[in-house]
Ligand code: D9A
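This document starts with one chain, in the form predicted on its own, laid out as structure tokens.
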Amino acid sequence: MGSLGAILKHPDDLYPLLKLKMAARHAEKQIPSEPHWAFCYSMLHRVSRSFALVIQQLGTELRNAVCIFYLILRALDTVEDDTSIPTEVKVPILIAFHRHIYDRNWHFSCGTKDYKVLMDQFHDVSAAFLELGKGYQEAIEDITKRMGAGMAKFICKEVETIDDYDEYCHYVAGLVGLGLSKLFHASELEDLASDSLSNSTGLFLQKTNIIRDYLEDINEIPKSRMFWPREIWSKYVNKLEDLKYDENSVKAVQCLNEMVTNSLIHVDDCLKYMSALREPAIFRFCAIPQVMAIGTLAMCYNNINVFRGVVKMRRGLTAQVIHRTKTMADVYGAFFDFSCMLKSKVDKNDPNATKTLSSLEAVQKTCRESGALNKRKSYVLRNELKYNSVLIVLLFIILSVIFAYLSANRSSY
């Protein structure tokens, strides 16, 4: 749930963490009894616990469609990610993947750990897919076909320019945004969003992941995975992998900051997309990852640790985001707070400082003009420790109850 020290340092995290823990347990109990559906939902929890939590808020029919959509694209991504598969084998599989989803017997062994299990038992995903409504099936097939073709294209093509970068992110994530919009529309709960807005929601999330996952991708064995565009990184180093070396720390952070600045161009579209959603469950499903993304960018910006390990929001802050994100007013508040956090880290001597500040001021202007920034708790972290006495008392009461329960159990043996 989170270490005692972290909770004492951030006592406001306690209640959201407890709620998150209970929600996770509840989600695990909702796994259907049919073997193929049980496999799909248990696999969803194994390959993405955070996604499994937000998906549980959707109604049953739409939840099933989104679950299968996610697993199919995760399987497609597993084929793309496996650098041990020869190109002449990988490309035909990616291109034909949209046909394999109709085959109850098809599977392909690749990937590692849980992803290998997903691929080995992909026939269970196909069986569940074939039970979805026709509208859902058609949307999923269309996006899978387009994504597979795009991935195949970039197996043989480097990400050279920023246009290449946007195109790659469109294939692997923008199309997810388009697909989700199609599924929401097929459920008759939402109007069909424009392709451009849907695409931006995917690009914002994907660019955040690419920034955060630099070290993991560059250290991939047997072959590095390189998604940062040469047009950006070549300004700072001769080879992309040079960013991880200590002697290039200053240049690495400047390159990182330009990557973050590039991602901020999608924020306005993301806010427009979310503001048009009507169904509360769909809104939360979309909004929570977007808030997580702007929070992650705030953590990564100007942070050399991106090149040393994994930089992400602490679990308690993640729990707060999930707990608090209920309305568009909450989203405006979160984007404003995290943009303030990011803005406070901008070094005026950074080569992209002017552009970064301009983008952040545009985000803050949009949030202010929403009229939703009053009467809210701030996400911005203070340097000083703030202790909430009520929550600390509550924490020790809970710990005392747990200790008494464990003691009673021991004495009963």
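Predicted model only: the values in this text are computed from it and were never measured. Don't overthink the numbering: it's just position in the shown sequence, from 1.
Quick note: we don't show the form predicted in complex with the named molecule, though the next part is all about it.
Colleague: In terms of non-hydrogen atoms within 4.5 angstroms, which of the given stretches 132-140, 235-243, 339-347, 201-209 touches the named molecule in the predicted bound form?
Modeller: Going by heavy atoms within 4.5 Å, the stretch is 201-209.
Colleague: Are any of the heavy atoms in Ala173 no more than 4.5 Å from a heavy atom of the named molecule in the predicted bound form?
Modeller: Answer yes; at least one heavy atom of Ala173 falls within 4.5 Å of the named molecule in the predicted bound form.
Colleague: Can you work out whether Gly177 and the named molecule are in contact in the predicted bound form, taking contact to mean some heavy atom pair no more than 4.5 Å apart?
Modeller: So Gly177 counts as contacting the named molecule.
Colleague: Indicate whether Cys286 is a 4.5 Å heavy atom neighbour of the named molecule in the predicted bound form.
Modeller: Heavy-atom contact with the named molecule at 4.5 Å: present for Cys286.
Colleague: Quick check on Ser50: any heavy atom within 4.5 Å of the named molecule in the predicted bound form?
Modeller: Ser50: contacts the named molecule in the predicted bound form.
Colleague: Which one, Phe97, Tyr273, Tyr301, Phe335, lies within 4.5 Å of the named molecule in the predicted bound form by heavy atoms?
Modeller: It is Tyr273 that has a heavy atom within 4.5 Å of the partner.
Colleague: Just to be sure I understand the contacts: of Ala152, Met119, Leu73, Val159, which is the one whose heavy atoms reach within 4.5 angstroms of the named molecule in the predicted bound form?
Modeller: Here the answer is residue option Leu73.
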